[in-house]
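A single chain comes next, written as structure tokens; it is the form predicted on its own.
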Amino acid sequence: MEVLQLVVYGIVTGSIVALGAIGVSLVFSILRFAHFAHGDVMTVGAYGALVGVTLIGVTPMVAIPVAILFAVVAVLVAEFCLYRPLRSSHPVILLISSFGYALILRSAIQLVAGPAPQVFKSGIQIPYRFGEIVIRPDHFWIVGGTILIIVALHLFLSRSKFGKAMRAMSDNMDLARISGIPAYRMILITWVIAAALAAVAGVFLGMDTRLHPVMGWRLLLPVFAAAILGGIGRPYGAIAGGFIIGISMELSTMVIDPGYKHAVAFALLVLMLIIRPTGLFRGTSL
């Protein structure tokens, strides 16, 4: 039963990691650089939801639109002030600039909200029991919300005009431009979607644990490990990678200290880079 309980925790963790990894893959597939500020955008979203919970008095799930607004503003500021002027530079320059922007976001959150951990709501949740398996109500919201978002994203990429345009840009940006696709508009849409996914992942992470200025930074390694495991630039691969990483991290606590479970994500990342560098689904296009 302990294994099943850990699998449940792994599915919850995997849901959060998968949402973050999808955003990383979307950005890489269109812009061709690793966005190291993605974890801190998750933190911005989580604290945005905290603003909604505190000022409006709604639940974290209802405050998700506020979280998305905060995250979208954060990435659009970076796009217009930082990434767009540097887009013609080498991808490594963009990567380094995103790392610097991550430090800016983290420091800003610490200055405004303080360094102490916070929670959306205090008190003890009464869990549901299925035999010896215990599931918190928030876990149902996290997994159910992730499934709905994945289905919505699939329909967007496969059926909508903008989704098809994003896939075309992912395959060949120059050909997409010649075909009349508004490239910069699609870049902005990619940022908005990635920020929204990061915001929801941040809210879910805050619901599962607690809010802290470095919460997103700590999850960045599992998120990138999931994206690379599934095939960088492949959102569907990121979903599979997220659940593999999440379940592996939680199961590893049977044999190692829980404080080291993030090292499992690193180990899987290194193993995948050695055995199959392109990932399970051979990135890098939608």
Partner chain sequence: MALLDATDVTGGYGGADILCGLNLTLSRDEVVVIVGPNGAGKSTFMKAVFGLVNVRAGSIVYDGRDITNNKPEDIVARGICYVPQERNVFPSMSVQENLEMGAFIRKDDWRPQMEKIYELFPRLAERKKQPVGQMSGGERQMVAMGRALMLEPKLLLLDEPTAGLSPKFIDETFRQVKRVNALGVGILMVEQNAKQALAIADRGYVFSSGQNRFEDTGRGMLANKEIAEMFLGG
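Numbering follows the first chain given and starts at 1. The model shown is predicted, which means the values in this text are computed figures rather than measured ones.
Here the subject shifts to the form predicted in complex with the partner chain, a form of this protein not shown in this document.
Visitor: Quick one: is Phe162 in contact with the partner chain in the predicted complex, heavy atoms, 4.5 Å cut-off?
Guide: Phe162: contacts the partner chain in the predicted complex.
Visitor: Report whether the minimum heavy atom distance between Ile178 and the partner chain in the predicted complex is within 4.5 Å.
Guide: Yes, Ile178 lies within 4.5 Å of the partner chain in the predicted complex.
Visitor: Against the partner chain in the predicted complex, would Arg87 count as a contact residue? Criterion: heavy atoms within 4.5 Å.
Guide: Result no; Arg87 lies far from the partner chain in the predicted complex.
Visitor: Report yes if any heavy atom of Arg167 sits within 4.5 Å of a heavy atom of the partner chain in the predicted complex; otherwise report no.
Guide: Arg167 belongs to the contact set for the partner chain.
Visitor: I need to confirm a contact call. Of Pro127, Pro115, Pro182, Pro91, which residue comes within 4.5 Å of the partner chain in the predicted complex, counting heavy atoms only?
Guide: By the 4.5 Å criterion, the partner-contacting residue is Pro182.
Visitor: Using a 4.5 Å heavy atom cut-off, which stretch among 168-176, 102-110, 147-155, 134-142 contacts the partner chain in the predicted complex?
Guide: Checking each option against the 4.5 Å cut-off leaves 168-176.
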